[in-house]
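Only one chain is given next, in structure tokens, and it is the form predicted on its own.
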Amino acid sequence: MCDIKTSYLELIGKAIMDFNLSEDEKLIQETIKDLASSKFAARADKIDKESLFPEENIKELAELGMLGTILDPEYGGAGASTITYSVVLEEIAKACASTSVITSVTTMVGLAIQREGTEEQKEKWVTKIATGETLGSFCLTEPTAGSDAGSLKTTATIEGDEVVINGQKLWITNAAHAGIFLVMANENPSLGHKGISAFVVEKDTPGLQVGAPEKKMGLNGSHTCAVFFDNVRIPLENRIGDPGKGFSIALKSLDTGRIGIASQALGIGQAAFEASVNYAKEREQFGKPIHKFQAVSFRIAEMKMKLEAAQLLTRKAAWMRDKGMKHTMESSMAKAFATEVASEVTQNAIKTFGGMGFSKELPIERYHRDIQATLLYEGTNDIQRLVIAKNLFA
């Protein structure tokens, strides 16, 4: 009986989710936290107001190897866990959400090439991303293919040992600054999404044109542009993975990308929450700090409760990825829940600050503007519910 009990407990232990970081990973967390709070936060207001690309922030992250947090060490990455990656993005987003988005998308491109590419492709492109030599840009969305990404119109015509790409992409993060564009294009439109393949197009390739950055509500340091392909000719060896596997590559990338978006949302929400706690301690009305009023204290308690729940969902999705488990539904749940919770938290932060929450003198209103994009990109939250339901009833 003792042996049976011991075996049972061992099995249970293996199933327990462990979100603890190793000593090395804790060091990464503290390093990023210090960098973000001491430097990124001080630059964030100017970046937002002047729509400046956070070049210094990205350079400093690259020097620390944090553009390749979960990329393999053999290609210059840190080889850290997905949970660590989530923590890193959260800490960055607390200080500057634009920098977090740029980092997340670059990593997503590197991961896709690392997972699906040949050894030559990994050495050529993943190394450049992991070491910060260049940024990556994930080119999926089109004017008529947003939520229905499988209906994209960009074409890839095979001509001998070359590919000719024609079409347009929209809302492409990092496009104005990337050196590597991971492009989803259909080389056999008659097959629908099964004809889509993935290709790497390098910056300065003739026929590749990047439009002006969009004027957005928030995330103003993350430049989002249209990208045009006019007879862009690349070597066929730039195709990532097998022909017709592009849509699958995109979906797998989004599974990890959505963990990143959830983490960004957590960072923004946490910044709004912490600011609210501090303000409620300092601000006095009717002769006492406003946290003494139940309406205020309950509102802030609600923020804490929901952020904790969102963080647990996000950590679970990250843990499952680290364990090699299918995590499509969990990533979608984390993304939808964390972004909606953080949006609610930023609204309640504005209420807590009152008029000052509405003022551009403080970052509270910026938090609320920045969070709105997380509800939309890498799949709107309606699409996340569609993914969740599909997995439930599969």
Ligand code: CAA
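Numbering starts at 1 and follows the sequence shown. Not measured: the values here are computed from a predicted model.
The form predicted in complex with acetoacetyl-coenzyme A (CAA) is left out here; the points below concern that form.
Between acetoacetyl-coenzyme A (CAA) and the residues Phe273, Phe247, Tyr279, Trp319, the one pair within 4.5 Å by heavy atoms in the model of the complex involves Phe247. Checked against acetoacetyl-coenzyme A (CAA) in the model of the complex, the candidates Leu236, Ala176, Val164, Leu251 yield a single residue with a heavy atom inside 4.5 Å, and that residue is Leu251.
Stretch-level contact check against acetoacetyl-coenzyme A (CAA) in the model of the complex with heavy atoms at 4.5 Å: of 101-109, 202-210, 286-294, 124-132, the positive one is 101-109. Although the partner is absent here, Thr141 lies within 4.5 Å of acetoacetyl-coenzyme A (CAA) in the model of the complex, judged by heavy atoms. Residue contact check for Gly146: one or more of its heavy atoms lie within 4.5 Å of acetoacetyl-coenzyme A (CAA) in the model of the complex.
None of the heavy atoms of Glu187 is located within 4.5 Å of acetoacetyl-coenzyme A (CAA) in the model of the complex. A residue is said to contact a partner when one of its heavy atoms sits within 4.5 Å of a partner heavy atom; Tyr75 fails this definition for acetoacetyl-coenzyme A (CAA) in the model of the complex, lying far away. For the stretch 347-368, the set of residues having any non-hydrogen atom within 4.5 angstroms of acetoacetyl-coenzyme A (CAA) in the model of the complex is empty.
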